[in-house]
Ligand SMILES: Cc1cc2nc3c(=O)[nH]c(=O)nc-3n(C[C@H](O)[C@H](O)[C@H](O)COP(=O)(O)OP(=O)(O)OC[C@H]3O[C@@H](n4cnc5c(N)ncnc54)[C@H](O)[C@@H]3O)c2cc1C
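This document starts with one chain, in the form predicted alone, laid out as structure tokens.
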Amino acid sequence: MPLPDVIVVGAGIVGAACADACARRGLRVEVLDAHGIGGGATAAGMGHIVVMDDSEAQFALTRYSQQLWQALVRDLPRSVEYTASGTIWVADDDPTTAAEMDEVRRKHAYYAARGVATEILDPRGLAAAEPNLRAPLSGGLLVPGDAVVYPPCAARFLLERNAIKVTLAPPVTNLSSLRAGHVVNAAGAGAGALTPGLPIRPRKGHLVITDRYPGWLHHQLVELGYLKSAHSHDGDSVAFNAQPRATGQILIGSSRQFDAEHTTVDHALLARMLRRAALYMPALPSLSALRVWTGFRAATPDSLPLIGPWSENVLLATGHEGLGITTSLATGELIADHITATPSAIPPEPYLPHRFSNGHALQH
């Protein structure tokens, strides 16, 4: 049999998107994963598809990928649970955070200038949109185009729609042993073990899911201070982040820990995370929690992923931290663009791994 054109290591959502994009270009693709489809951070994540504005590069990647998700909606099976819930960025009413409504207005202007619809909510509008939030709060920013998916089933859909071969193999330890025209390292937090020298740090997170409470929560809710937590590289951090699931359940986050090596639940940090959530939704502690779990995100120093060539035939698709679900489809397109020498829809330069290159990496 002919060798594959592309071997993707990792069957999470990012690896699945890379494999799908390459297969749609007519390339022979094989995916390797020791644990099957949709594991790792994909199984542990929230599945929020969100446009972010922390930097121009982050906006470009998240917006492009969101548009790819929106174009895919009609083809998605019900198991993917695509729900156009929208996001509300919630502004606190604490006098020490009075500037949060200024941030709402800044975000509104930023998105409007780039063609993303948003709506500023005053305290009354916020309370009407989400009655279980503490009242009064200062307001918020509604981004109606954001959505939610169930990531493991999304990964499976991407791999199955082109009948991509997925091999359950022992963990790969040496990429040079793989025989293919191109090898894509999409191993998430484990990518550094396969490609030494990557600036990847595993970052642990906790999530809680409740019993079914249909109608209790309508939008993905995120506190405006979330980015400070997400981009902090010192110490443990928590932020309010709550998501309505298609099942009527509520997913509650989020926490971030560097240098945590085990999947064990950190009960002190979990309690801190839930106290933070209860500050925004006081009735949350009265809901029944069904399960708590942890996962590891792949974080980079500049909070942007590594997408593109690393050595002669190895490409990277990792380092997405908490945005892997959102940016998976755009990542796949950028990888396939490079392999097929196709101009990309967005500039690929901000994500190229050579910004962290060392003596072993491909220089450009």
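Keep in mind it's a predicted model, so treat the numbers as computed, not measured. When you see a residue number, it is the position in the sequence shown, counting from 1.
Unshown form predicted together with the ligand; subsequent notes refer to it.
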- Item | Partner-proximal stretch of 209 to 217, 77 to 85, 121 to 129, 290 to 298 relative to the ligand in the predicted complex, 4.5 angstroms, heavy atom | 290 to 298
- Query: Only one of Leu137, Val116, Leu269, Val172 has a non-hydrogen atom within 4.5 angstroms of the ligand in the predicted complex; which is it?
  - Reply: Val172
- Query: Even though the ligand is not shown here, does Val184 get within 4.5 Å of it in the predicted complex, heavy atoms only?
  - Reply: no
- So in the predicted complex, does any heavy atom of Leu194 sit within 4.5 Å of the ligand? yes
- Item | Residue contact check: Thr42 to the ligand in the predicted complex, 4.5 Å heavy atom | yes
- Query: Would Leu27 sit within 4.5 Å of the ligand in the predicted complex, counting heavy atoms only?
  - Reply: no
- Task: Scan 1 to 33 and write down, in order along the chain, each residue with a heavy atom lying within 4.5 Å of the ligand in the predicted complex.
- Result: Val9, Gly10, Ala11, Gly12, Ile13, Val14, Gly15, Leu32, Asp33
